[in-house]
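We begin with a single chain expressed as C-alpha cells, specifically the form predicted alone.
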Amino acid sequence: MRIERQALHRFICNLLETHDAGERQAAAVARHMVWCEMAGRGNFGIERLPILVKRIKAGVLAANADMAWERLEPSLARLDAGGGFGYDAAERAMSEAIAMAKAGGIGVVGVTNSNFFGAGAYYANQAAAAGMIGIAMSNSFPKVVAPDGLRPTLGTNPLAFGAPRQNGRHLLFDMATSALAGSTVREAIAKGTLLPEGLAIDSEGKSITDPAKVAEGALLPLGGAKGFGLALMVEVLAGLLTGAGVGEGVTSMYNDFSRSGDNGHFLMALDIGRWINREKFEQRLEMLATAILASGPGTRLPGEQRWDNYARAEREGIELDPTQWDAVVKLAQAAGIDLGC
C-alpha cells in the first residue's frame, strides 16, 4: 500500500500520543519514521512502533520525558534524555550542534540516558541540509564479539556521515559496525531465511546460519578487527564520554524490559565555511563524485538509492510493508484510534 507522508505523520503522532507520549517527542519519532520509510529504510520506520508502545507500557521508555541541557563549552554540550525517545534526543542534539557550529565553526553534543535513536543517516542529513558536515553515532547493547572472542562485548554501534551536495541529494553513509545489523537478523527470522556463513557464532565459536539462534550467540564485527575498532570508537565517544551506559550497561530494546536502554549518542556538526568557501567545497565534492561514478558500470554514491526512493515516495506516496502496516493497524484499533488514512 502507499500512503501520503502527512497522513502517516499524523497517524504516528496520534498512536504515540494515545500511549502517553508528549507532543514534541511523538512528532520527532514521526518525522524520523516518515523520512526512513520514504528513503526505503523500512527497518527503521513503522516496524518499530509495536516495540516502542510495548516499552512505554512496561514503564521503561519515558514517552513524555523532561530532557535537560548542560553547556560544557561554547561548542560542547550534553543532553540528558531522561530515559525518553532517542529519536527526539538525537534530533535536538544535532539541531544544537548545528547552532553551535554556526556560531563557532563546530558543535558537538553528547547524549546520555537515552534509548534507540533509529537511523544515524537522518541526523547526518540534518547537518548536510544545513550546509554542514555531520557525524552521528550511538552505542547499543552487547551483541558483537571482539576478534577471536566468544562473548559479546559491544553493540552493533552504528555510525553515520553526511556532507552537502549542490543538488540536495546529500552524501550519506550509514553503517552498523557489525557484520550484520540486528534488523537484518529479525528480518531473516520473519521470512524464515538463513544467514550467510561466517557472520554470527555460537558460544563455542561455530558459525550460526539459523537467525533464531543468534540471540544465544553473537555477531561478528564487520571486517574483523577493523570493524571492531570502529565499534570501540563509537563506544568511547557515545558511551564513555557522554556518561551513558557502556557494554552491558545498555539494554536490549526487544529483550530487556527491566529498565531504560541508557544508550548514548554522539552528534557533531562542522561548518564547512570556516575551512573553505561553501560553493567551492560543493564543486570539489561534485568533481570527486563524478570521478567515482565514472570508475565503473553500476557505481553509485553512498545514499543515492535512498534519494531515489525518497523522490519516488514524494511523487507516488510512501510504500509500506503490508505485514508491518497490519501490525500497526492492530495497535491503533486496540487503542481505539481512527486511522485517518
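Start at 1 with the first residue shown and count on from there. Given the structure is predicted, the values throughout are model-derived calculations rather than measurements.
There is another form of the same protein, the form predicted in complex with another copy of the chain; it is not shown, and what comes next is about it.
Only one of R312, R278, K54, R284 comes within 4.5 Å of another copy of the chain in the model of the complex through a heavy atom, and that residue is R284.
Only one of L194, A190, A215, L76 lies close to another copy of the chain in the model of the complex, with a heavy atom inside 4.5 Å, and it is L76.
None of 90 to 98, 177 to 185, 252 to 260, 114 to 122 except one has non-hydrogen atoms within 4.5 angstroms of another copy of the chain in the model of the complex; the exception is 177 to 185. Contact check for T299: a heavy atom falls within 4.5 Å of another copy of the chain in the model of the complex. Proximity of G205 to another copy of the chain in the model of the complex falls outside the 4.5 Å heavy atom cutoff. Another copy of the chain in the model of the complex comes within 4.5 Å of a heavy atom belonging to I272. Proximity of L241 to another copy of the chain in the model of the complex: non-hydrogen atoms within 4.5 Å are present. For the three residues L16, P50 and L61, a heavy atom within 4.5 Å of another copy of the chain turns up in the model of the complex in no case.
Counting a residue when any of its non-hydrogen atoms is within 4.5 Å of another copy of the chain in the model of the complex, the hits in 152 to 180 run T153, L154, L159, F161, A163, L171, F173, M175, A176, S178, A179.
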